[in-house]
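For reference, the chain that follows is the form predicted alone, supplied as structure tokens.
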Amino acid sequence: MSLRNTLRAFPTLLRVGFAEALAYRAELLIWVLSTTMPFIMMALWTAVAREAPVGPYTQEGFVSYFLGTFVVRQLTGAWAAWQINFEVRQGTLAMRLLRPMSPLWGYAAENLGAVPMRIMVAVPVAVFSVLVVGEQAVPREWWGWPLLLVALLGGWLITFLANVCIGTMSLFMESSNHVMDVWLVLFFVLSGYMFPVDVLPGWMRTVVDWLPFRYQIGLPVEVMTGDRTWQETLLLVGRQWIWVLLLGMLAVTLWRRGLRRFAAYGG
């Protein structure tokens, strides 16, 4: 199927993905409850900042940051790596390959189809954040809003494409779930999910700036809470989209080469 026809069919795939999210809403709720780590870290870091600010963060700053982290986590989550692993091992990937479009579009639609339900969880938290900390919870300049949307889309794409890359490795090995475990550990430590990148020593921030993890969570949260000038924000968003491009090329290359090794047997 041509790219034009695939894009025309994509809204239908999104509707199917949304219907699946509704059908499996209990699992989705469990997944949401498993992402409450920012609330725990908020309690910890606000206690640490009770006597004096930690780096640029006061107690209010940490509240704004970690409530934003919870919201961004809901909007940029993806689970394609586990889907691909399961379908490769079960052989059900063969059913997707019979469709007249790349299975990668199907994975993207199923992951995006759950976003409306996750927005229903994220919006009350965002509103609560505005009520508690005021304008610090949202962009204070007009340019912050469009850049926030770009940063959120870039964060989701990095998460999804990394999932595809790691999930596709299951076509080369027995299972890539352990690779995903390693990725998640690095994600928790380096993405800004458990603490803001700004509290790290200078040399570590430099390293983190060149890795993809902070562009999944930390950057969208920083744009949301307005911690950067527009020049700094543009530079970081540019780096984020370089990672989107690199991971996109890697995902397509791994997928095409991996499919040559795929074999499914039915009975």
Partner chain sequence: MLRRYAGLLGVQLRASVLLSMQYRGDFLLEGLISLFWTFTAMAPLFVVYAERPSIAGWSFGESLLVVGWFTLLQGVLEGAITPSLNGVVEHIRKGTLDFVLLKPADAQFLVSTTGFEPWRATNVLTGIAIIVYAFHLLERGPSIPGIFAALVLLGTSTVLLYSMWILTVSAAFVVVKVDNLTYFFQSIFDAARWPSSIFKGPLAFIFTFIIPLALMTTFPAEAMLGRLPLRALVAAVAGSFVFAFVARRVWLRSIGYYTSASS
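Nothing here was measured: the structure is a model prediction, and the numbers come from that model. Numbering follows the first chain given and starts at 1.
The protein also exists as the form predicted together with the partner chain; that form is not presented, and the subsequent description refers to it.
Of the listed positions (Met120, Leu186, Leu98, Leu149), a single one reaches within 4.5 angstroms of the partner chain by any non-hydrogen atom in the predicted complex, namely Leu186.
Distance criterion of 4.5 Å from any heavy atom to the partner chain in the predicted complex singles out Tyr24 from the list Phe18, Trp255, Tyr24, Phe10. Listed stretches are 223-231, 210-218, 237-245, 38-46; the contact stretch with the partner chain in the predicted complex is 38-46, by a heavy atom cutoff of 4.5 Å.
The shortest heavy atom separation between Phe195 and the partner chain in the predicted complex is within 4.5 Å. In the predicted complex, the partner chain lies within 4.5 Å of some heavy atom of His178. Taking the partner from elsewhere, Ser34 is found to have a heavy atom lying within 4.5 Å of the partner chain in the predicted complex. In the predicted complex, no heavy atom of Val127 sits within 4.5 Å of the partner chain.
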